[in-house]
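What follows is a single chain, given as structure tokens, in the form predicted alone.
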Amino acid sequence: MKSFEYLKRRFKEYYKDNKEKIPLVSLFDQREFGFIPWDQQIRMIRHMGFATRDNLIKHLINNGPRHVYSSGSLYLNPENKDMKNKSYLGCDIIIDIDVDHFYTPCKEDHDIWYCKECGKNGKGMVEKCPNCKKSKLKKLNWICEKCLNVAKKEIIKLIYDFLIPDFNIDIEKMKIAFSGHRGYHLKIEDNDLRTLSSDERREIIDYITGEGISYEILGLRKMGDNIFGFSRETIGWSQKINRKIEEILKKTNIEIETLLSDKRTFNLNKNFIENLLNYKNNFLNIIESDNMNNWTLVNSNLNTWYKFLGAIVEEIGIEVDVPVAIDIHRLIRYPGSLHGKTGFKVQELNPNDLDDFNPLDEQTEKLDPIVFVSKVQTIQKLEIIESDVPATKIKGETFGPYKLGDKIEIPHHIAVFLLCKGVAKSI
């Protein structure tokens, strides 16, 4: 509790010192706001509205909340606690990409789990204890440049491989932000799209994730002993799949074999892989041709092609938080606010910023989400209260790993991070 009081005070100071920098979102007075305080007995305070940005800033300075949210939805009466009486006007399209929801190899190094049933522990992304098969797990999810880079690549793919070419969405209507923790979110502010229902939003999400794709509709078919694939001339998913196959075929044989035998992704049998390697140049000619789409020379088993294409779709599709995207009353983190699990800022980004943006070591000051770096080097003393704490690399320096009971002296911004993560206490 002492640590939370300290963090609350620091968050208040941040909002006071940066009140001119907190942005004003569009249609501000029509949005509902929600706050999660440091008091763990209170889950969320929501159904609040603010007539002006100054009123919001005053609330942030006075309360220093742990998390700050505003709605993608627009209402005539955003502060009304009865959803029916809010007078719903529409909702922005919100797409959240968070590495919590999908596998990245670096999780084998820094995500830690403990089984509450049998006491087994380990690293990586698991849903059930591999020992007792129970799902009562305590998890410590961490961040590193690698997994945050994966999330960034997903948001770039979303914009340039789907939203612009397939949906013709104006990039000027896209609002992008680093979430302050393990991902990014994108908000599309378009009057026509705001009217879409949850079911209609699900159709968009199904498309960009590749959920429920019919390979037959795209052109895959078996005629006699021949398998015919997708035409290069067909746009949309057919074209995306062909391009991904081309990309794979242009890899070295060792790279192809490693990829296609990976149990987490393709997991294809040796015969298919050997045939693909033997005929890869011929198959590449077929894929690149406008007139040829007979895939039989590699394999004539339709079910094997389904398996291969399913893994291809997984590679192409975007990893999004589906419930967020289809919820027309969803709250998302307010830009410029602080994330209570890291102490990092929710940083707005232009599309042109994305390629070079590195939230853990950002070189452009106005884009840097790590706000508690002291101009004068200050050291804080903490005690580790978790059994294991992974190594943390921020601003080019690595701190840890740590064990329960370790007493450490670290820079201020690292101390704020560890306190927010709940793995340490002040001493």
Partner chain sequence: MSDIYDLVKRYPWLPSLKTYYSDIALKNPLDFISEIFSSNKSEELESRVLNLFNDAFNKIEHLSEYELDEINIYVYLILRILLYIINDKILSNRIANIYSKTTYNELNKENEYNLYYIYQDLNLKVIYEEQPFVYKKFVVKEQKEIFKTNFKISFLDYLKLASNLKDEYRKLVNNALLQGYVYIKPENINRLLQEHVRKKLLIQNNEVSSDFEKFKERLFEIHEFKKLYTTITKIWESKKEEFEYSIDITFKEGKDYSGILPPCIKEILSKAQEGQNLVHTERLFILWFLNSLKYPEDKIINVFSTLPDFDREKTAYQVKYAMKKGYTPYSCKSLKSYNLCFANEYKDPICLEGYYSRMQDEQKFISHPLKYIEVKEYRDSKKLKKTKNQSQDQK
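Residue numbers count along the first chain shown, from 1. For clarity, every value in this text was computed on a predicted model and none was experimentally measured.
Not pictured, yet referred to below: the form predicted in complex with the partner chain.
Student: Applying a 4.5 Å heavy atom distance criterion, does Trp237 contact the partner chain in the model of the complex?
Tutor: Output for Trp237 is yes: heavy atoms within 4.5 Å of the partner chain.
Student: Since only the chain is shown here, I'm wondering whether Asp262 would be in contact with the partner chain in the model of the complex (any heavy atom pair within 4.5 Å).
Tutor: Although the partner chain is absent here, Asp262 would stay clear of it in the model of the complex, with no heavy atoms inside 4.5 Å.
Student: Would Asp166 count as a contact of the partner chain in the model of the complex, using a 4.5 angstroms cut-off between non-hydrogen atoms?
Tutor: Because a heavy atom of Asp166 falls inside 4.5 Å of the partner chain in the model of the complex, the answer is yes.
Student: With the cut-off set at 4.5 Å between non-hydrogen atoms, does His329 touch the partner chain in the model of the complex?
Tutor: No - in the model of the complex, heavy atoms of His329 and the partner chain never come within 4.5 Å of each other.
Student: Could you tell me which one of Leu249, Leu193, Ile159, Leu309 places a heavy atom within 4.5 Å of the partner chain in the model of the complex?
Tutor: None of the others qualify; the residue that does is Leu193.
Student: By the heavy atom within 4.5 Å rule, which residue out of Asn281, Asn352, Asn303, Ser214 makes contact with the partner chain in the model of the complex?
Tutor: Looking at the other structure, the residue within range turns out to be Ser214.
Student: Using a 4.5 Å heavy atom cut-off, indicate which stretch of 319-327, 339-347, 227-235, 99-107 touches the partner chain in the model of the complex.
Tutor: In short, 227-235.
Student: Under the 4.5 Å heavy atom criterion, name the residues of 284-313 that approach the partner chain in the model of the complex, in sequence order.
Tutor: Asp290, Asn291, Asn293 sit within 4.5 Å of the partner.
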